[in-house]
Each structure stands twice: as structure tokens, then as C-alpha cells.
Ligand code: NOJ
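As a starting point, one isolated chain is supplied in C-alpha cells, in the form predicted alone.
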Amino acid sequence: MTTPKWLETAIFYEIYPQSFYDTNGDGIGDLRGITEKLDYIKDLGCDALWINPCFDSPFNDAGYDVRDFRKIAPRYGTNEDMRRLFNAAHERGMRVLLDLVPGHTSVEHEWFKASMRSDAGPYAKRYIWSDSPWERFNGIDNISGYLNGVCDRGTVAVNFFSTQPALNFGFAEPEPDKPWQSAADSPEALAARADIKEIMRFWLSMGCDGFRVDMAHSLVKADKGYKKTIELWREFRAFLDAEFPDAAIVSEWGKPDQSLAAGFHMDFLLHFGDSHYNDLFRDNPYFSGAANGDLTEFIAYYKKVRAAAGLEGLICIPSSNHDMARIARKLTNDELKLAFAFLLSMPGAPFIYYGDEIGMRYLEDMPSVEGGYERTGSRSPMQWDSSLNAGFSSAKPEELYIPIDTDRARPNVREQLADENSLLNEVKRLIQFRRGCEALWNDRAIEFISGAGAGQVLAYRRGGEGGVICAFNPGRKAAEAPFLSGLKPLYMISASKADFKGSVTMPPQSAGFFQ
């Protein structure tokens, strides 16, 4: 399989487009706003973007309910605006991934409207319709519910919300007494694959550099071991290798031992599943100065998936994303600097969620917007400066897609750029160091050399023998680090301003890279 060379050093920046930058004063971010801010992202050090869904949608789920896969939602601009964004990014040596939602559509998609008709023709089996209006799909893996009573046909399976009917990629083991369950290699399942390939081909031909794939594990139903799902994605990877070998795909799967074997170039460790990602920054976080966090189980899981048989690709750790509380929710500014030192020294392509680089807050108890529910607090407008609406939009505050953070002490880009000691400038320096240190590149080796129980120093070697040792002491007391004896610090962060002087202890709340 072909791996794009650019993934060796790529650092991603995730953009929630409706909350990034509004250029027309309607209170909603847009594609022209992203294009205008490319120089900021480039200056930060990120050279790849992941843009959350921007296709035409009724926005019952913030764009993850797609109405037309080949049309940019008018509130963001036009297809030509997207083409200009691709071109502007490429002129700066940057890549752009779009958010692909292959497992379901909106109920307003033309395919679904056609499938509801009694003479549905080629779309009759494009979705998973039962033969009874009383079918509930109980106990079937990768079906979250049902929608019935919308037409004279039976019940249709849904993938997430009730407005997101599941496309029919078949069942791993169709039940013989339920003829509406198609096999994963049935004509209708293969037709669904062909349509998704055409959508991918459409955007890749325009200049897109790949896709983050929403709910990538969910396509084939009743697939307990994901065997048929893995086969499906390996076919998609072969398609990309043959036609677009420089394109990359990253999965929302959360199980790298499965997703990378399925052909994805990258997968995330996420806030759900058994990865213990939450132990890093969220649930009793290790990087809190309270020093009660424990990464023992995280490290054990990480070692296991990296050692999985036949494992290829990158295991990526995001700072946050649009589906979880922001990294700053439980960490102070000094602690965030240590967390970013970790994120930017681990293997895999780093993913920085917009605003995390300045420590934007998670806004508690926000009213739900477009199906966001508690996730809405992580989707507030980017804070560019101290002007109206934090520089996000010229609209009236009450017209914003999501209200701005009302805290007068909210961080913003302009002030942090002017402060040498800001989180933003620390992140910029860390990215610059990572780029200049080959041992820290995305695909280089890692060896853990010190566990991370409560109060212990976390340490690992990157790049093999003679590489760089990365060490972290988030606690408020100095901690023993005998493995650092005789090593030279290449980069140091210390909240206490204490220096590392070749001793075998790490200062309080410190991180360093040593050789």
C-alpha cells in the first residue's frame, strides 16, 4: 500500500467552519474566512487542515446530515470558494482534508426521497429498509435506531440521530429469515460503495487532499469482528492508491489495531472506547499539577495497539475535537504547555483543535445548537482579538451561530502573539522544534522508559538509540528521573522557572527533551 510522503511530518489543525471566521457578517464562519486565516495557521506551524462537514445540509447534526455530497452549503460559500481554498492552501505547502460521512445521509437527500417511493427503482435498497413497519433492529451492531411511518414502506435503520438513515453496505451475516438484510457483497451494497468512491473522486479531483471519515467502523452491519468492514475499507484504500496515491484518510474508529489494518493511514485515540485517552487531559488528568493522574493503563493500551500484527499507519492524539470538552477545561495555562509538549512529541500526526492553541475554554451549560447538546460548549467562535465578538464576526452578538465566551479574561490570538510567554507562542516553538528534530517525526519509533503512575515522571525515547528522550513531571514537587543522568536538555518548559542542570530530578511542573 502507498503512504503519502507528506504524512511523515504533517501537523493538522481542525476547523469547525461555522465557528472559525465570518467574512460576510451573518454570524456564521465561512470558507473565505478559512482562506483569509491560512497564514495564521501556517505561522502556527500546522501544514494540514481537517475541516468539519461543509456540504449542503439541513443542519440537524451540524452538517453530519448531508443533503448533497457534491455541493458546499450556501452558508459557507460555493464550490468555487472551496476550490480557491484548496489552491490557496497548496500555494502555502498545506494540505486540506474534508469530513466524509459515508454511512448515512440526511432524510432530505435525493437518494432517500427516491427510496421512500413505491417505485424506488435503483434506490429501493440504497438504505436499510425492513419489510415491516414494526421492525426495531434490536441488537444489530452498528444500527442505532429506526425511523418508521414516513412512507408506505417498512422501517428504515438509522446510524445516529433519527434524521440520519443508514446507507446500505450490507450485513456481515444476513439472517436467512429476513430477506431485506443484504450481504456485504450484494449488488446494492456494492452500489453504495461505488457512489461513495464517486463522491471522493469529485472532491479529490478538485484539489482535496483526503478525508477524515465519520463513523468509519459503522458501514457494514452485524459485523462483530469488523472483518467485512475491514475488507470494505481495504478496497477503498486500493482505489485511492491507484487513482490518488497522495491522498490520505483518517478514521473516526478509535481502535487503531482494526482501522489501520483496514487501510486507513491514520486513526485517533478518542474520548470513547478503551484507549484511556481521557486519562491524559480529562478524567483525573495526568497533566494536572494535582499529580493524582495515572497513565499506566494508557501506556499499556498504546503499546498493545502499536504492537498489533501487521499494524501500519499513524496513531494520532488530538488536543480536543468538536465532540469532546476542550483540553483547557481541567488544565491551567502552565499545565497546557506540558500537555502540548506531550502532544507534539508523541508519534502519529498531531491534531490541534482550533482555539486550543490559545487555551479557549469549554463553555459550560450552553444551549444546544444544531444537535450539539453538551458538545456545543466546545464549538464557540474563535477568539481572534478583544474587539466585538472577539473578532470572529461583525454581526450583532445575538446573531452569532453560537455565543462568544463572555469572560472578559478570555484568551485571544492578538494578545498571545504579543506575549512571548503565552501558550500560543509555546505551541509555535514546540512545533518548530518537532519539525527540526527528525527523531520526533510522525512515524519514528517510541520506547517508554519510565512509567507514569501517580506522581511519577513520564519518559519515552523517540527515534531509537541515540534519539531524543522526552520527560514530563506535571506535579508540584521535583521528581526523580535517574535516566536523565548526563543528558543535555534540548528544550525545556518549567512553570517554576527551575533549570535542569544535569541532575537526576525533574523540576516541578516541567517538561523537557534531552539527548
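In this text, residue numbers run from 1 along the sequence as written. Because the structure is a prediction, the values reported are computed rather than measured.
There is another form of this protein, the form predicted in complex with the ligand, and it is not shown here; the text below is about that form.
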query: 4.5 Å heavy atom contact, E426 to the ligand in the model of the complex; finding: no
query: The ligand contact at H265 in the model of the complex, heavy atom, 4.5 Å; finding: no
query: The ligand contact in the model of the complex: E374, any heavy atom under 4.5 Å; finding: no
query: Contact of F472 with the ligand in the model of the complex (heavy atom, 4.5 Å); finding: no
query: Non-hydrogen atom within 4.5 angstroms of the ligand in the model of the complex for each of E8, R95 and F244; finding: no
query: Location of the ligand contact in the model of the complex, chosen stretch of 383-391, 339-347, 81-89, 210-218 [non-hydrogen atom, 4.5 Å]; finding: 210-218
query: The unique member of H109, R379, R193, R126 whose heavy atoms fall within 4.5 Å of the ligand in the model of the complex; finding: R379
query: Of H322, R282, K228, R434, the one that lies within 4.5 Å of the ligand in the model of the complex (heavy atoms); finding: H322
query: Partner contacts in the model of the complex for 51-66 (non-hydrogen atom within 4.5 angstroms of the ligand); finding: D61, Y64
